[in-house]
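Single chain ahead, written as structure tokens, the form predicted on its own.
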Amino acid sequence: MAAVFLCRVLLSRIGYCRCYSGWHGEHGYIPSLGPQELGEYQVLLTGAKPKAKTDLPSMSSLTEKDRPIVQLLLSAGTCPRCVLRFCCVGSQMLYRLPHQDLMKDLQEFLKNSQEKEDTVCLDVADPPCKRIRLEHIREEGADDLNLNGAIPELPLAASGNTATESSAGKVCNVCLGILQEFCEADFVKQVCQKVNSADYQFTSFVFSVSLPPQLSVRERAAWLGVKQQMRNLGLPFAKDDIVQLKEAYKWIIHPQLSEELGVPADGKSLFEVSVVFAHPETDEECHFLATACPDCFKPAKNKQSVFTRMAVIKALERIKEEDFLKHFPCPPSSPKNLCDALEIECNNGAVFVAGRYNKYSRNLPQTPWIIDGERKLESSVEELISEHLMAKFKADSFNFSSSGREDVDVRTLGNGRPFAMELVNPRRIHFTAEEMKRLQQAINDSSDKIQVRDLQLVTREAIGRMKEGEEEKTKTYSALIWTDKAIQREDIAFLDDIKELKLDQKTPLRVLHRRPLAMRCRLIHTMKSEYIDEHHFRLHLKTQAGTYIKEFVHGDFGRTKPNIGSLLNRTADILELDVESVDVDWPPTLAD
């Protein structure tokens, strides 16, 4: 711990700053320090030489019990990193060593048959690795050695250079080259070039990998081959799990990507860099599973093939060992070609913008008005706002939501209607309060039909407040009403005294094509009348959210009871309607 502390002090003195997974400075990125990294970084920082070669990562994570596994896999064409995975080596730094160095170290390990069985843990600072369970039943006698307690000698033909020569220069028969060529600097630079050319803003990244489903088949085949070999030799084989390919790959690739991109890898980051691998040469290797386990492979509308990774894994869990061995060689043979990196994609987590809008036009829908593929009006509230947000955030798409909606011929006045917009995969995510003000002004200057206020960045969770208790909220309206019979002031004065009027409203005829038929109970909390002339008056209403105001005025052929017509005992109709307030205390009001 003293050595770790010394290195951190030295890093701080030369201008490095601590971050989530390492250190940043003018000379680049250094991952978090653990005991394995000390030898290398003490040389970097102090010029001192490490005490001994054993201070650096070495094959001492392997024991004599691993020797037959190493021999078998290397002779079958398995790459050194996959050999480490099958030996359950959890030292991240070992996987990061160059491919050629690992091959030499494994060769040296095979030559030394007197290696001690005790494993020296060289990676105590690494987090515990995830495991993929390949067997559930331990072999009988797995913990028993032979009669004199010694490990049997292996045939000389399978040791030394013979095994390593079989593996050298070949595409790995297990990972199909993912832990070979795709761990090299050239591929890392290719990924980073793709990221940089996409022009995203990000301060960290999460790396995801999509692997061909046949890798699971090959991994199972390699495991069964190892198990058979160990059984034949009568060697103990207590462990029945290996390091996941994805995890080993990330151990290798994360530090390289971090250094090239200049930001740390963070599992909680909203910026994702993903690589999709495919291997057409071996695509059909999964097909025998469909015959053995047909229930696992069912067509799905959104899937191009039934042979998905999860379906293959499910089938491998069900198929009997003897049936698997009939259809697939164990260990598997080496392919001719490497995997293809089909896609290198970037994706930023969604950004959420909220505010309030006023609508001043009686010829503007809230969302695009399209009927049977034909556009009825040229624009909408949603489009007038989203046009500017999409351009500034450089997003792929958006989702618009609001606290209720008004009809195309209804204005929204007062403080406006709360709205929120989800911007999907934005390239730009950082905006200051001043920049948001300028964006709001740009929206307002672009049209006289709408105005926006309180425009701000919010979280996904905060948007829920806009929808909470929506029907319990109140809204205030102003309606211009016409009557067929002449009225005097005293004819409408009684409306002012009515409180908490209960309505029964069937789904209005005008919305029945898009909403289910239902009876809704709503409240008119208060009303205040304003006489205009013999046939016109204005009515100010405070109502429960979700009340159909137009239908409350004209009755909708008796589908809303009571209504203004029935209360006045004459025919009434609505000429104009304005929303004067939407009583939702969100988003927070911003200072001008």
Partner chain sequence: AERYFTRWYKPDVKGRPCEDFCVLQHSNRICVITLAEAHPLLQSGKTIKNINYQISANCSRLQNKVSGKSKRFLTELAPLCRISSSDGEEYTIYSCIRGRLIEVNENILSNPALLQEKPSTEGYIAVVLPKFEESKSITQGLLTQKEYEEVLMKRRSSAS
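Residue numbers count along the first chain shown, from 1. Note that the coordinates shown come from a computational prediction; the quantities given were computed from them, not determined experimentally.
In what follows, reference is made to the form predicted together with the partner chain, a form of this protein that is not presented.
4.5 Å heavy atom contact, Val511 to the partner chain in the predicted complex: Because a heavy atom of Val511 falls inside 4.5 Å of the partner chain in the predicted complex, the answer is yes.
Distance check, His535 to the partner chain in the predicted complex, heavy atom within 4.5 Å: No, His535 sits far enough from the partner chain in the predicted complex that none of its heavy atoms falls within 4.5 Å.
Any non-hydrogen atom of Lys528 within 4.5 angstroms of the partner chain in the predicted complex: Outside the cut-off, so no.
Any non-hydrogen atom of Leu517 within 4.5 angstroms of the partner chain in the predicted complex: Yes, Leu517 sits close enough to the partner chain in the predicted complex that at least one of its heavy atoms falls within 4.5 Å.
Heavy atom within 4.5 Å of the partner chain in the predicted complex - the one residue of Asp409, Glu470, Glu378, Asp396 that qualifies: Flagged contact: Asp409.
Listed range touching the partner chain, judged in the predicted complex by heavy atoms within 4.5 Å, from 452 to 460, 503 to 511, 352 to 360, 90 to 98: Looking at the other structure, the answer is 503 to 511.
In the predicted complex, residues of 561 to 582 near the partner chain [heavy atom within 4.5 Å]: Lys561, Asp573, Ile574, in sequence order.
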